[in-house]
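The chain below stands alone and is given in structure tokens; this is the form predicted on its own.
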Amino acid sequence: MIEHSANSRAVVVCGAGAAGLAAAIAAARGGARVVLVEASSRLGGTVTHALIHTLAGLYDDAAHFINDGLPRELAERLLAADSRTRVRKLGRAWVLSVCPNVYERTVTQWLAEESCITVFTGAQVAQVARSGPHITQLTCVASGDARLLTPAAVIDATGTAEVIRLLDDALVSDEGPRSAGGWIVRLRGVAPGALDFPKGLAVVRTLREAAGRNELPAECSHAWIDLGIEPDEAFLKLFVPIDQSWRERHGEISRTALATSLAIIDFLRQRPDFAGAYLQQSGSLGIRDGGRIRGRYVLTAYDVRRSATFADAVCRCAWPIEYWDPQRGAMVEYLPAGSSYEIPMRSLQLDGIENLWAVGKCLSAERLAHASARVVGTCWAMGQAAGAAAAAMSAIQECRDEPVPALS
């Protein structure tokens, strides 16, 4: 059954992760009617599903907000929602440490406050129609039913450019080495202080040495374990190499990662501080680089390193180049002290299409520039900019559609 939606001329946002949530809220606050299409049953994207507990990209290297507006409002809402949420230094950068479940509840409530947003969960875009420079129709499928949407504007915030792939696979870059994915599990029953410096580094070193002796799977050579939100909690992070076939092998990769996590927990239980540790929650496979669009401008590592500015800048970023090399593990290159760079609107747009933006992890960028720009805070800022631009386009279209008053 195909149903024609009453939400014609709405801004359609595909994906309810960081960039999609920001785009939907910004568009609604800009006066547009918004349809938010999310493939899963829950909101929050990678933070919710992959158990991200350190939100990067909200602060500069002095712990000041780097972008105002929705990224700042997000942090303020999270700090107000849970007393355990805190700003924390990680290496030479600053993050917001937050429980992923608190993040999910907070953004879900936030979206419910925005009356102009209609949310379709368990849904995804199956077809895209284009006429000249405009996307004219989307087919959204949920529970076997198809719904036709006639959008004023479309924002692809899927993280892997799913909407743009439906237009033309050639518009998305999948070549070259792909940043490794991640698998995070949440442990409880850990002795308080077990990961305090330098004990935490010793635990990581022990895991890597065990992998070198084949006591643990080889991928454990890049494993990391981090402080949790509660005193007896820890987050175990696995390094998961992925290749071009990761979509078809998603289930197999996930099962292997979970089995590896359980093996690590069994190994850690041999240490006194982890004797009572148990698996409380397992995330889903986190994809850092699921494909980037070939946009009007490709953000480069040179732009990042030289603190580039742009006339059409939409936000700033000071996060280091954090590239998860498939063979060598995490490689972190910090920016010069006090510096940041800008991301241009052109990196969120395709040549020849006026009412389509791609935001968040699928922006147009070289792999090393992407390794800096893909973080949560920057994705919220990109989404905000695209949502505001889409709302402005929607308003222009509505004005054009209004009947001309008859002459008296």
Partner chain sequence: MTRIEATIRDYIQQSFLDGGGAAPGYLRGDEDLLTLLDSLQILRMLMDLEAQFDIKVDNSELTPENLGTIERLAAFIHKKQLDSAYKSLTP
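Residue numbers count along the first chain shown, from 1. Keep in mind it's a predicted model, so treat the numbers as computed, not measured.
Just so it is clear, the following notes concern the form predicted together with the partner chain, a form of the same protein that is not shown.
**Student:** Please determine whether Gly132 contacts the partner chain in the model of the complex, using a 4.5 Å cut-off between heavy atoms.
**Tutor:** Output for Gly132 is no: heavy atoms all beyond 4.5 Å of the partner chain.
**Student:** Are any of the heavy atoms in Val332 no more than 4.5 Å from a heavy atom of the partner chain in the model of the complex?
**Tutor:** Although the partner chain is absent here, Val332 would touch it in the model of the complex, with heavy atoms inside 4.5 Å.
**Student:** Given that the partner is absent here, does Glu209 sit within 4.5 Å of the partner chain in the model of the complex, heavy atoms only?
**Tutor:** Yes, Glu209 lies within 4.5 Å of the partner chain in the model of the complex.
**Student:** At the 4.5 Å heavy atom threshold, is Arg255 in contact with the partner chain in the model of the complex?
**Tutor:** Contact check for Arg255: no, nothing within 4.5 Å of the partner chain in the model of the complex.
**Student:** Looking at 277 to 285, 108 to 116, 139 to 147, 84 to 92, which lies within 4.5 angstroms of the partner chain in the model of the complex, counting heavy atoms?
**Tutor:** The contacting stretch here is 84 to 92.
**Student:** Would you kindly say which of Ala263, Val204, Ala308, Leu79 lies with a heavy atom within 4.5 Å of the partner chain in the model of the complex?
**Tutor:** Only one option qualifies, and that one is Val204.
**Student:** Check each of Phe120, Tyr297, Trp224, Trp246 and return the one that places a heavy atom within 4.5 angstroms of the partner chain in the model of the complex.
**Tutor:** After the contact test, the surviving option is Trp224.
**Student:** Since the partner is left out here, which residues of 307 to 328 would have a heavy atom within 4.5 Å of the partner chain in the model of the complex?
**Tutor:** Contacting residue: only Arg328.
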